[in-house]
Structures are given as structure tokens and as C-alpha cells.
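We begin with a single chain expressed as C-alpha cells, specifically the form predicted alone.
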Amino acid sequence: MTHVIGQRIPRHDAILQVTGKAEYGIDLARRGMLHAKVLRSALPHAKLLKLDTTRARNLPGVAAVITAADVPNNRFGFTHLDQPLLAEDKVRYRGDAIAAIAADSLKTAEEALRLIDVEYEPLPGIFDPVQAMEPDAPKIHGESNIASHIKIRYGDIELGWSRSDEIVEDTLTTQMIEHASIEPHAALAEVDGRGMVTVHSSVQRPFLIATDLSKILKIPLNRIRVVVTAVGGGFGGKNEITMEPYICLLALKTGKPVKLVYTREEEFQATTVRHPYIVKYKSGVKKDGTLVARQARIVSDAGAYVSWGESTLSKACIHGAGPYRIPNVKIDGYLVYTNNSIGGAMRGFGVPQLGFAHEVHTDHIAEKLGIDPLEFRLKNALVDGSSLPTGQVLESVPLKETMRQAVQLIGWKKEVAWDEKAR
């Protein structure tokens, strides 16, 4: 494979893309195809007192209506099996799905949604992850809203404080981000005469989707096929199941192909987002700029369900101290349930949030010490043989050379000693 490095390799799908012949999920169609729609919660947190689909089922053109009772295994998740495909006794955010419909036209499916009778008993909502950690906060799952607590300990943090000349503290926050792909989620499911389920979907990880479908549908994995259409933007938002189980269940129930395309409103309401983080940093440093200790408390807003939140937070914690040699590190990461949108996979998996936070914090330290921020970073940057707070020893770290080339390219005016061996 090394012969392709540095070469201009043609993309095999380029002609299809530029000529408009590439088939995206929204382009899919089959003879006799049904159109699906999903009913979602009108409240962020409430008990479900009544769910009557009678009028929707009796509407001409409606082929099937499914609720939680129709799902063979109504629990899924990556590390926590905490998310129902269709809500059972309560809803936990405005995107929670309650029922799904397949009809002979999109208009009929939309009309049928309005005919489903739902009664709620509103429950107190919690939308701030820090407040959600309090013992008396409304509980979203079980007895605690803390879904996961990740710890990293390296050296002796108290010794680090005692050996520091200055201590700098910051609280930094990042916002929720929707992927906003140009192409919305779109998929079509069909079942053949042998009972083989085929899903054509705009997804990034087909085998993960197939595995989750096998568990939810209770169908052997070798009877499920996931075909990836052209993907008009993913960024992690098409990393996990979204609509596929609904259309599979409806296709199995009706024996007809079923297609579902999310509206832009549904993209914002029902798909995963980048986790908002609240990060408290505390760093101890010598007067000469040597970092001695760093503590981070990371609070991640999981939203209503864990999804990929624990995996994302673990990566954030691993990178929480930044690319610096620090002998004493203490990191605590908390993944917290709220009634907000579900946090999931997005480019960088938690590291962009921490990258922003520790670099702003590092700038503040350099400013307080009166040291050029580049010089400060060079003094403390990881080098070959450095150990991370996890204990991993790094073999090759071209960080200083990368910074050297970067400042030259952007025209950095400060003159800094480029001593690779300087501490």
C-alpha cells in the first residue's frame, strides 16, 4: 500500500457524485413502498398515562402502527442498555419516540400521527448537568443522575500543590452542537420471502447497525443485511441506529418496503449531538513556568440516555491534562443524565471540548506568569519517552517540531528559543 502515498488516487465514486447519479437514502424507492413517520414526546419529562392508537390504525391508508409492545427487545445502548426504542412508561426528552406509523403516503402518515391520543403526567425536568448531580435533583433513571464516573490519578496531587509557586483556576464550558449534515437521516427496509431483512441506510457503521438490529428485533445476525447508501454528511451523527429499527419492524409487520426520511426539525430533535462539557481546571506551576500539578473536573451532559457518552468521556479524560509533562495529575469525569438531547458520537469524541478548555487554561497560566504562551508550551510539551497520566509511554512525539513549523507558517513574531531539550 505504500506505493499510493503521495500519489493522486482517483475516487471511484467521483463521476457518480458530479453527475448526480449517486444514490442517497432520500433517493430510494420501491414499488408498493410505504412511508413511515414517528410520534415523539411533546414534553421533556413525563409519565405516559395513556397511549391510544385506535383512530390512527383506522385511518384509510394506514398499514401499521407500532408501540413499545411491538418491539421484541425494547432496550438498546452502546455501554448502557438504558434507551427504549419506543417509550414505555415515561418519556425523558422531547425527542423520545412513542409510536411509529407506516402508510401509503407521507401525507396519510402525518395525519395518522395527529390521531394518536397521548396523555402525560408532567414530571420536573432537569437541564443543567451540574444541578442534576445534586442529591435532591429530579431523577431521570434510577436513584442517581450520574451515569458514569471516570477517574485518572497520576503522581501525588497534594504534593504537587505544595511544590507550586502559583495556582491558576478556570471554569470553561462548551456548547451542544448538532451535526447538521446536508443530507438528513434516510433509510428503507424490506423483507424478502425467506424473512431476510435488508436495510438501505445513510449510515457510517453498517456492521454496528446490523448488530443492534439483531438484538432489538431478536433476529439472527445472518438474516440482516445493511446496505450503505451514499452518505451526504455524517461526522459521527450516523454512527449508530436511529430510524432503522422502526422501519424494520414496520416492514416485518406489513410485508412491504418501508421508507423513512427525517425532516430537518427531526434531525435537531431526535438525533444525537456533541456533548456540552463544563470543565474546571486547577494547575500548579513554578515561577519559571514548569508545570507541577493539574486537576480537572469534567462534567458531560449525557442528555436523556448514555449512547456513546461514556466512550466519549473516557477519551476526554485521557487527554484531559493536555499535551504536557505534568508529574501530578488528578482527573474526574462525570457523565450526567439530563432531559436534554442525547449526546453521541461526533468528530473528536470528547477531545475537541477538552482541547479548547486546557489550551485556554494554559494561555491564562502563561499570561499570569508573564511568559510567552509559545515558550510556555515548548517548556512543558511532551517529548519522546514522556508518560501520559494513564501510564502510557510515548515513543515518538513530534509536537515541538510541529509547533515550530506552525508558528513559522502563521508568521509568529515572538522570538523563542527552540531548545528541544529544555524543560
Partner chain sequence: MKKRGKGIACMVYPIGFTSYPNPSAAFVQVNQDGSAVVLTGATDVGQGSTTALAQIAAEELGIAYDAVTMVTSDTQRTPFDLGSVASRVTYITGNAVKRAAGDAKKTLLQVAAEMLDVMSPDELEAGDGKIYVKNSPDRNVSVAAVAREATLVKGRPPIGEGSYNPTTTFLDPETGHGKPYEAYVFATQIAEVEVDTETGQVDVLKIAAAHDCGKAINPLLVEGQIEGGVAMGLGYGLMEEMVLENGVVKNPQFTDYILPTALDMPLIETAIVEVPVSTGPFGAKGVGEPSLIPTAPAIVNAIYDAIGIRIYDLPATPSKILAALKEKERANILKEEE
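Numbering follows the first chain given and starts at 1. All of these numbers come straight from a predicted model, not from anything done at the bench. The term rigid core refers to the most C-alpha atoms you can superpose between the two forms while keeping them within 1.5 Å.
Omitted here: the form predicted together with the partner chain. The next part is about that form.
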Next item on the list: Although the partner chain is absent from this view, report whether Leu394 comes within 4.5 Å of it in the predicted bound form, heavy atoms only.
Entry: yes
Note to self: Within 4.5 Å, heavy atoms only: does Thr173 come near the partner chain in the predicted bound form?
What the structure shows: yes
Note to self: Test of understanding: in the predicted bound form, would Ser341 fall inside 4.5 Å of the partner chain by heavy atoms?
What the structure shows: yes
Next item on the list: Determine whether any heavy atom of Asp156 comes within 4.5 Å of a heavy atom of the partner chain in the predicted bound form, and answer yes or no.
Entry: no
Check: Using a 4.5 Å cut on heavy atoms, which of Asn145, Thr108, Asn239, Gln295 is close to the partner chain in the predicted bound form?
Finding: Asn239
Check: Using a 4.5 Å heavy atom cut-off, are His319, Pro398 and Gln405 all in contact with the partner chain in the predicted bound form?
Finding: yes
Next item on the list: Given that the partner is absent here, state which listed stretch (250-258, 133-141, 116-124, 347-355) has heavy atoms within 4.5 Å of the partner chain in the predicted bound form.
Entry: 347-355
Check: Can you name the residues of 363-382 that have a non-hydrogen atom within 4.5 angstroms of the partner chain in the predicted bound form?
Finding: Asp363, His364, Glu367, Pro373, Leu374, Arg377, Leu382
Notebook entry, point to check: Comparing between the shown form and the other one on the rigid core, is the C-alpha shift at Pro10 2 Å or larger?
Noted result: yes
